[in-house]
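Here you get one chain, nothing else, as structure tokens; it is the form predicted on its own.
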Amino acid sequence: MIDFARVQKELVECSKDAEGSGIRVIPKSDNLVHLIGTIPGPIGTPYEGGVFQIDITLPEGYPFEPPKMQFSTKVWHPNISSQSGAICLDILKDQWSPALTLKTALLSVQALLSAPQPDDPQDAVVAQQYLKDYQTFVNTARYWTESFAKTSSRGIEVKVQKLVEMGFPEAQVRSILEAVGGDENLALERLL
């Protein structure tokens, strides 16, 4: 049975530091089983400047079982599937501990972006490129970050205008769009 009181406490804790860390977790819908996490790309990496969205599903045994996480933002990384967004990270599997939280898990995912482990890959093609042609890997990762993880401010304004025209309050629209990394469809789901 999921400990929903703990999940709510974790969401509050995460929101307290969201401005400083850039890490956010919000419910995807009314229930607290499906969540959306966002992490900023680490500075000094090809992911810098990007905001990456991660789908989080809590299993029945949470917090004694790890949350199921996968990137919904496309990312070029040896330990993240370029196709499905699946993440290869020990704390999301056998190294999980109930002492860990959603925020610490997202911090670990963010750290993984800084320190790829190509010898234990989720995506063998990316891992091979990382090991054999590092500069092409960096260029590709940077290109994917530009293409999929960055939202231009003009693009956000268009999305805000569309959602406001549907009758939603502008302040709420801006807040939700920011929380979901500019994803118009997720914002609309949250607003409905």
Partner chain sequence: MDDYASSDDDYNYSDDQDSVGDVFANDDLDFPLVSSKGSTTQVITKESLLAAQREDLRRVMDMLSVREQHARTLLIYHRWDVDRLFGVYVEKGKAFLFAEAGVSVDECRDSSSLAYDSVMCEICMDDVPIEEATRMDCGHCFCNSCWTEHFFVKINEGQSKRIRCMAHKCNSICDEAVVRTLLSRKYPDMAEKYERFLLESYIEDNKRVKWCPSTPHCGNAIRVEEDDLCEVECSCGEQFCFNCLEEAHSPCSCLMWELWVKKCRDESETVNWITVHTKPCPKCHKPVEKNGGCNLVSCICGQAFCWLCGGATGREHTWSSIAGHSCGRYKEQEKTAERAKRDLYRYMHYHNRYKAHTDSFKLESKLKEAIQGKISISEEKNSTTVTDYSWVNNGLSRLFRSRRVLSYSYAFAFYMFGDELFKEEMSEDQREIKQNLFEDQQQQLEGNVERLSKVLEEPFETFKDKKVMEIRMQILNLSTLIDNLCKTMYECIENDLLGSLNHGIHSIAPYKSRGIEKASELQVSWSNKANNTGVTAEVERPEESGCSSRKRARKEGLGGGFFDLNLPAEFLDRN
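Keep in mind the model is a prediction, meaning the values are calculated, not measured. Numbering follows the first chain given and starts at 1.
Absent from the display: the form predicted together with the partner chain. The rest refers to it.
Note to self: At 4.5 Å between heavy atoms, only one of the stretches 22-30, 131-139, 57-65, 161-169 reaches the partner chain in the predicted bound form; which one is it?
What the structure shows: It is the stretch 57-65.
Check: in the predicted bound form, do 72, 120 and 123 all put a heavy atom within 4.5 Å of the partner chain?
Finding: No, the candidate spot makes no contact with the partner chain.
Next item on the list: Look up in the predicted bound form whether residue 81 has a non-hydrogen atom within 4.5 angstroms of the partner chain, and give yes or no.
Entry: No, residue 81 sits far enough from the partner chain in the predicted bound form that none of its heavy atoms falls within 4.5 Å.
Notebook entry, point to check: Does the 4.5 Å heavy atom contact test between residue 184 and the partner chain in the predicted bound form come out positive?
Noted result: No, residue 184 sits far enough from the partner chain in the predicted bound form that none of its heavy atoms falls within 4.5 Å.
Check: So in the predicted bound form, does residue 100 come within 4.5 Å of the partner chain, heavy atom to heavy atom?
Finding: Yes.
Notebook entry, point to check: Is residue 16 close enough to touch the partner chain in the predicted bound form, meaning at least one heavy atom pair within 4.5 Å?
Noted result: Answer no; every heavy atom of residue 16 is more than 4.5 Å from the partner chain in the predicted bound form.
Check: Is any part of 76-92 within 4.5 angstroms of the partner chain in the predicted bound form by a non-hydrogen atom, and which residues would that be?
Finding: Heavy-atom contacts within 4.5 Å come from 91 alone.
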